[in-house]
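Shown here is one chain on its own, the form predicted on its own, set out as structure tokens.
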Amino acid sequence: MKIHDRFFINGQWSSPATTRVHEIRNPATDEVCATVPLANEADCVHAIESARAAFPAWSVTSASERGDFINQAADELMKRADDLADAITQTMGCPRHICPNLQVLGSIQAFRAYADRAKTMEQSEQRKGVQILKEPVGVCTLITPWNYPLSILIGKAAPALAAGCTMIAKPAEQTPLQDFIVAEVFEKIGLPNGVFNLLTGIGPEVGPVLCGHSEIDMVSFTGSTRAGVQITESAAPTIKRVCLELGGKSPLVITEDADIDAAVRYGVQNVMMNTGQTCSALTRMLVAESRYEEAISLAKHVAEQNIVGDPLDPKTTMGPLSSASQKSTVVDYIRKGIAEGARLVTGGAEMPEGLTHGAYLPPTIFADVNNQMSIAQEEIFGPVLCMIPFRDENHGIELANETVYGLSSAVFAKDQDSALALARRIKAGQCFVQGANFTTDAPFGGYKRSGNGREWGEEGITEFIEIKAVLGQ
């Protein structure tokens, strides 16, 4: 069992202010696999003051120097790739043989990309007697979730470092182990004291301090819309910047003339990946009425090809939910879907065959869903797909946009041009056409209650930048 008993603050491994600890359970076995200390207000203030003290010197380092630190960190993270994958599999259940490609290696490569993007901070623009300069926003709180814990940490920390910000990282209670590895890497490469600080704690206990403190200039949060509202409220009195990546109920629109086999396979695999625990998952499959029953049959076949089981078994394609609590939430939604009158095509609320313990559920598909059902409107965050028919393309777009969310979306149509025409009409921050894959070179973020701001790509660093206009002859 892994035991962490200190926080990483001001470049040192610091003893917490209390002796309280949090037990982390392996969702595949329900056994305690690690313990971490729990921060209180004094610990948070210690981390904030350290980041504030480090900011003046770090903010004026050259882009080249910051880029060197980013590249060094990427090199060391690559050396620790197995440790990172082990930590994520152990705490959130991603199958070990899938974890490197899904959770680790691409994240490290994306981290390295911000070494070059740091150079944008030294670029200025001249406009008729006005010089436009870029400066780092300041001290940042980075609050990350449990579903892609390394990737989302890097998606915040990399642009923050590149911009010249200092930061306090607070991982989800369920999955903090990879953050400790990242802190060890920063310690090893000699990142200046106080630039990166790490503490672990219970969100509702430490969140108000980390988000409301007057010395915090920005909060970057990924998680539920409910928590995003609370964070915004905590940050509001000091008028700090808040970047939110929140929930989703993303549609996949499949037109009558699309390649139905490719489209359905793409959609089902997208939802079942990471056991459905992806905020941008395409959990509403909208299909032209003339192809609807065919699509249901195909979806059932693809879903049932998954092998649910031990994340250490190389045959497993889908591991457990991240926790017993998350499994309970998903079970409640499955039962609600049945009660609402949706047709259960495959899966359900029972433990998959051959498994007796752990937070497991089978891939689940509902047909005959309408947009008034809870399972069509609320984020389930599990391996549950809702299939909805539409009459024509206008009706399909209407259904796609009939949601409070707008994080992601997808279109499968006859060809690229047809798909692009529909993509322009969907109110979401991303749209994948004709089976495209996620890339960290593209900006990521949502419309409506899916949040504000953007992560990844060139746009990711802009969230950590203040713009200054210098006027003169």
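Here the structure is a predicted model, which means the values were calculated and not measured. Start at 1 with the first residue shown and count on from there.
In what follows, reference is made to the form predicted together with adenosine-5'-diphosphate (ADP), a form of this protein that is not presented.
In the predicted complex, which of the listed residues (319, 194, 223, 396) lies with a heavy atom within 4.5 Å of adenosine-5'-diphosphate (ADP)?
If I apply the 4.5 Å criterion carefully, the residue I get is 223.
Ok, 204, 129, 190, 354: which has a heavy atom sitting within 4.5 Å of adenosine-5'-diphosphate (ADP) in the predicted complex?
Exactly one listed residue reaches within 4.5 Å, namely 204.
Among 368-376, 299-307, 100-108, 229-237, which stretch has residues with heavy atoms no more than 4.5 Å from adenosine-5'-diphosphate (ADP) in the predicted complex?
Within 4.5 Å of the partner lies stretch 229-237.
Would residue 173 count as touching adenosine-5'-diphosphate (ADP) in the predicted complex under a 4.5 Å heavy atom rule?
Contact check for residue 173: yes, within 4.5 Å of adenosine-5'-diphosphate (ADP) in the predicted complex.
Taking adenosine-5'-diphosphate (ADP) as it sits in the predicted complex, is residue 390 near enough to touch it, meaning that at least one heavy atom pair lies within 4.5 angstroms?
It does not: once adenosine-5'-diphosphate (ADP) is placed as it appears in the predicted complex, residue 390 has no heavy atom within 4.5 Å of it.
If we define contact as a non-hydrogen atom of the residue within 4.5 angstroms of the partner, is residue 363 a contact of adenosine-5'-diphosphate (ADP) in the predicted complex?
Flag for residue 363 set to no.
With the cut-off set at 4.5 Å between non-hydrogen atoms, does residue 143 touch adenosine-5'-diphosphate (ADP) in the predicted complex?
Yes, contact at 4.5 Å.
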